[in-house]
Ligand code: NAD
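As structure tokens, one chain now follows by itself in the form predicted alone.
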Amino acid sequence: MSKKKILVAGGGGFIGGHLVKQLLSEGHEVRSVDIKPVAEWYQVSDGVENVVADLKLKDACDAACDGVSDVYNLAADMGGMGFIENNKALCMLSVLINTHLLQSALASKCDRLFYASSACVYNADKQKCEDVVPLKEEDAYPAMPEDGYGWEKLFSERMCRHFREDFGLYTRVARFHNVYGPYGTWDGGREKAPAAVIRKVIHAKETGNHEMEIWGDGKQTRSFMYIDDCVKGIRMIMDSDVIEPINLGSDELTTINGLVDIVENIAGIKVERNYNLSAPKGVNGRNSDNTLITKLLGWAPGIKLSDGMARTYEWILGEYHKTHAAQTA
């Protein structure tokens, strides 16, 4: 494998930090760019050019793309359902990041660009029932994505397509389905369901107050992909001949109640579940149809949900203890 100079946009984020480590392990030279101060990055790797910049600005994208061959765009203003339902304009503004990165990658004669899209692009009418039919790539149209965040992702997918068709820029797009794992957001309002459930169960165990709030009725169905499987899929898609957006997610379906069951078993406790029916809960059912990615790339998730949640639990438990130790010091 030839060694490259690679840009990871959003490298201070959850998925970006893991991708940077993978690229380093392969011997590549990496430039990691994020809007947050480096002290707030989820992971900071040695031997990386770490840059703090706002990639919504064209000049910042020009500088970030200068001299690199490959661009991985994981940068976005996003979070869990509680964040994206209440910050639609902020989510939409991420369209500036992808637009400017595409322009800059083209001007800098970069070889290829990867765009991290989302299952939130899928038509909401196909996600009304908990007993969901897994979503195929063509189910994004006719368009009825998640308001705000989903529209931004779908529009940016089209931008990638047209830069490829009109200008010959090599672009690849993956639709992520609920990625989780260590070194991610676990509190503060931007965390996703796996981390939120783990934090709440840990808090219940540590405090002895076994009451726990669940958003919705707990019957919503989802699939969750462990970060290692995600990074492997990203690398395979970037180096593939797959030109259309493709699902990247687990097809191991569970309910939110089932997710709580898993974490209860890890923690060795039972919680009293209080259902908040007025809280953001997203669509009723969503699962990834992996037929295409299995056929074209031979990719399939290798880590079961229970195993990945156990690994994530241990990391969040450590972070929880650090936070509470600092608060009581």
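Numbering starts at 1 and follows the sequence shown. From a predicted model like this one, the values you see are computed outputs, not experimental measurements.
FYI, the form predicted in complex with this ligand isn't displayed, but the following is about it.
This chain is drawn without this ligand; in the predicted bound form, the residue among 118, 250, 171, 98 with a heavy atom within 4.5 Å of it is 118. A heavy atom within 4.5 Å of this ligand in the predicted bound form is found for exactly one of 53, 48, 267, 292: 53.
Contact between residue 13 and this ligand in the predicted bound form is found at the 4.5 Å heavy atom cutoff.
Shown alone here, residue 179 lies within 4.5 Å of this ligand in the predicted bound form, counting heavy atoms only. For residue 222, no non-hydrogen atom is located within 4.5 Å of this ligand in the predicted bound form, even though that partner is not displayed. This ligand in the predicted bound form is approached by residue 42, whose closest heavy atom lies within 4.5 angstroms of it.
Just one listed stretch, out of 197-205, 147-155, 122-130, 212-220, contacts this ligand in the predicted bound form at the 4.5 Å heavy atom level, and that stretch is 147-155. Shown here without this ligand, the chain has 74, 75, 76, 77, 78 in 71-89 lying with a heavy atom within 4.5 Å of that partner in the predicted bound form.
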